[in-house]
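The chain that follows stands alone, in the form predicted alone, written as structure tokens.
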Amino acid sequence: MGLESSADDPVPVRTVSRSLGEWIGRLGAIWMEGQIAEFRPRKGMRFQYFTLRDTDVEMSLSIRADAAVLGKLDPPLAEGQRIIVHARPDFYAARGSLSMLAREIRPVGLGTLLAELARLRDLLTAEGLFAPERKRSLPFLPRRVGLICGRNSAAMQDVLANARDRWPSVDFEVREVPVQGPQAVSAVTSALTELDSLPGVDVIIVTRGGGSVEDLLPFSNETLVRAAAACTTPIVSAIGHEQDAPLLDLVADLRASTPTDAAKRVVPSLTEQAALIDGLHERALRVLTHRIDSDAQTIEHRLARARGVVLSRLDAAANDVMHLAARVRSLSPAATLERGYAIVLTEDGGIVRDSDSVAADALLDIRLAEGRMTARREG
């Protein structure tokens, strides 16, 4: 039950502090897993303090451990290490502070980490987050490239230098964040969400250099992987070296083997594109020249054929004219006259067909093949 209190009857601080201690104490000892965010060993002190942070969200607890408990660890406790702790809550009523008193600490071994990664990979695969049909094509020439990388890291310099060497005017929106340790997941996830919301960013590169499996764990974190899957902007993953394969590689739209490779895959080469254009221009010129030559030969061939057809038809027409002329000549009166006949005409030009039609003493015009003469009818 809650404490009864009012403005007229307030509860003393000691009562509230004791009640908090009682309520917290009901939790009992529990096993929990996390990553060591802060650890500053104090020599000669019985108790050591460190901060255990959740790898998915910005939440942490203060842990108090006896030197004897810490002495059993191999390797020794260090920042960034993932551990499993058996502890009970320890509320210091005098100052109202809460910590967890560690009874046992176990490092999370590589085998355990790999088994957890395999389980998560199978889970996300079953959900379809790594399916090829989800992959989006990268733009040919992005207006602006989002870049998530470590602060002043070699990976950042590799991407920027190689990208600008290929296309000098390329624009970058850079987010320098922790890429290792307990703050990496939340920092990279926030940067990814922010860049995805910017309308001018056409592609996002997430990169860092190589490292151990533990160093690259943030890029296999379920929260980060799901955030990447939810992005609408194409994502390029360039984490570690060729042999490294964090889960972010599987959900990204493109996996680059190195930061340098990421720059080459995202930004086209101005030199290569210019050479390609020159090559296409030369090829087009060759094709066009060949086409013109081919068409010219075709036209010349067709003209020759047309010329032959026209000449053939002219010859045939000339022969037809000659035949028609011969026929006309054979049917004309001149041809008859040439055979020894004559045409007798009256004085007024009429043709004489009957001797009775000509009066006595009438003058007659006789037309011969060569010349003509006049005659008079007698009798």
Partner chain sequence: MASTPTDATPIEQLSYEQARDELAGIVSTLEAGGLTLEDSLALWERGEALAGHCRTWLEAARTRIADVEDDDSDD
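The term rigid core refers to the most C-alpha atoms you can superpose between the two forms while keeping them within 1.5 Å. Residue numbers count along the first chain shown, from 1. Please read these numbers as outputs of a predicted model, since none were measured by experiment.
We do not show the form predicted together with its partner chain, though everything after this point is about it.
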The stretch from 218 to 226, 169 to 177, 305 to 313, 84 to 92 that lies within 4.5 Å of its partner chain in the predicted bound form, judged by heavy atoms, is 305 to 313
Looking at its partner chain in the predicted bound form, do all three of 119, 128 and 132 come within 4.5 Å of it through at least one heavy atom? no
At the 4.5 Å heavy atom threshold, is residue 68 in contact with its partner chain in the predicted bound form? no
Taking its partner chain as it sits in the predicted bound form, is residue 350 near enough to touch it, meaning that at least one heavy atom pair lies within 4.5 angstroms? yes
So, residue 41 and its partner chain: in the predicted bound form, are they within 4.5 Å at any heavy atom pair? no
Using a 4.5 angstroms cut-off on non-hydrogen atoms, would residue 343 count as touching its partner chain in the predicted bound form? yes
Interface residue in the predicted bound form among 27, 32, 59, 334, criterion: non-hydrogen atom within 4.5 angstroms of its partner chain: 334
Determine the residues of 317 to 346 with a heavy atom within 4.5 Å of its partner chain in the predicted bound form and present them in sequence order; the list may be empty. 317, 318, 321, 324, 325, 327, 328, 329, 331, 332, 333, 334, 343
Once the core is aligned, please say if the CA of residue 73 is shifted by at least 2 angstroms between the shown form and the other one. no
Superposing on the rigid core, does the Cα of residue 41 end up 2 Å or more away between the shown form and the other one? no
Rigid core superposition, residue 31 Cα moves 2 angstroms or more between the shown form and the other one: no
